[in-house]
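The chain below stands alone, shown as structure tokens; this is the form predicted alone.
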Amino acid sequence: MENMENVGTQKIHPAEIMIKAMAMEIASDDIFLHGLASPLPALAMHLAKQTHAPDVVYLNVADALDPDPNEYKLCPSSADPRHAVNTIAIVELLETFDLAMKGKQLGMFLGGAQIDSRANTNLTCIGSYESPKVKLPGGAATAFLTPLVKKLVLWTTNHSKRVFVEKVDFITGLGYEEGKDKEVTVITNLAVFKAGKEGLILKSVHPGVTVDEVIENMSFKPYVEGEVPTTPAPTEDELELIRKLDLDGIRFSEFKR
């Protein structure tokens, strides 16, 4: 059962906790992008832009540059052309490769079927590459972009031993790299981590979640130092913004009902 938190008279779903946590990783001088199947990152980028990061540059897989949040409505497909309506410009996703190569302050949201203690991700296959048990959709630009971005935010709505594995079956995307100018964050339906030389460092647990619950649902133990704080919940105003952008409740689509 999903943990629910109350703010004022409103119940907060873990999806909304994750959206707030994702938004907090975005700064006003960032350029952030997301790919396919990314309803939570899309809402997080709009939330950040309307609150603490008004100057963030928002790129999405529909080739839209800074869609107007007052006209935006989240659609089931992240690549829906309606996401490109009322934008400043249309910028092909390939242009983000050039931005990354130029060393711009580029951030990227990325999901993963498997994530290991170094925040490496697998989007390629379960089992051996030559004879996989499951063939995954593939990483598209993941292998190219993950070594180049300044901020990498991994996310999963399924915090489990199946996702958090000792060693990914295939490294599609690179996570933490010592000495590189790259910040790596992992946000799940239970907690927030930062990747460092110690491995995954538990930074916060979501409201109603315990540290033990987080660890029990991983195949390796994260680094835990001292008392772990609670992930901030969205305010009533932030909830109103999120719900206005997503009137159809698409943000709940990846969660068990």
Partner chain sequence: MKEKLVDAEKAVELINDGDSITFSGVSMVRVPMSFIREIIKAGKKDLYLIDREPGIDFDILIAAKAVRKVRFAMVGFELFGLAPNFRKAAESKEIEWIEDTCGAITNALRAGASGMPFVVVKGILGTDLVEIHEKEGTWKVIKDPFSGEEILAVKAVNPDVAVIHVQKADRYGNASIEGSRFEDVYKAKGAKKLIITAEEIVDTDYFRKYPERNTIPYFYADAVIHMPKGAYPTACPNYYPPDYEEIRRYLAMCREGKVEEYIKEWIGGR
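Numbering follows the first chain given and starts at 1. Only a predicted model underlies this, so the values are computations on that prediction, with no experimental measurement involved.
Below: the form predicted together with the partner chain, not depicted.
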Could you tell me which of 126-134, 156-164, 181-189, 111-119 sits within 4.5 Å of the partner chain in the predicted bound form, going by non-hydrogen atoms? 126-134
Tell me, yes or no, whether P222 is in contact with the partner chain in the predicted bound form, where a contact means a heavy atom of each within 4.5 Å. no
Is D63 close to the partner chain in the predicted bound form, meaning a heavy atom pair under 4.5 Å apart or at it? yes
Y72: touches the partner chain in the predicted bound form, heavy atom cutoff 4.5 angstroms: no
Taking 4.5 angstroms as the cut-off for heavy atoms, does M101 touch the partner chain in the predicted bound form? yes
Pick out the residues of 78-115 whose heavy atoms come within 4.5 Å of the partner chain in the predicted bound form. S78, A79, D80, P81, R82, I90, E92, L93, L94, F97, D98, M101
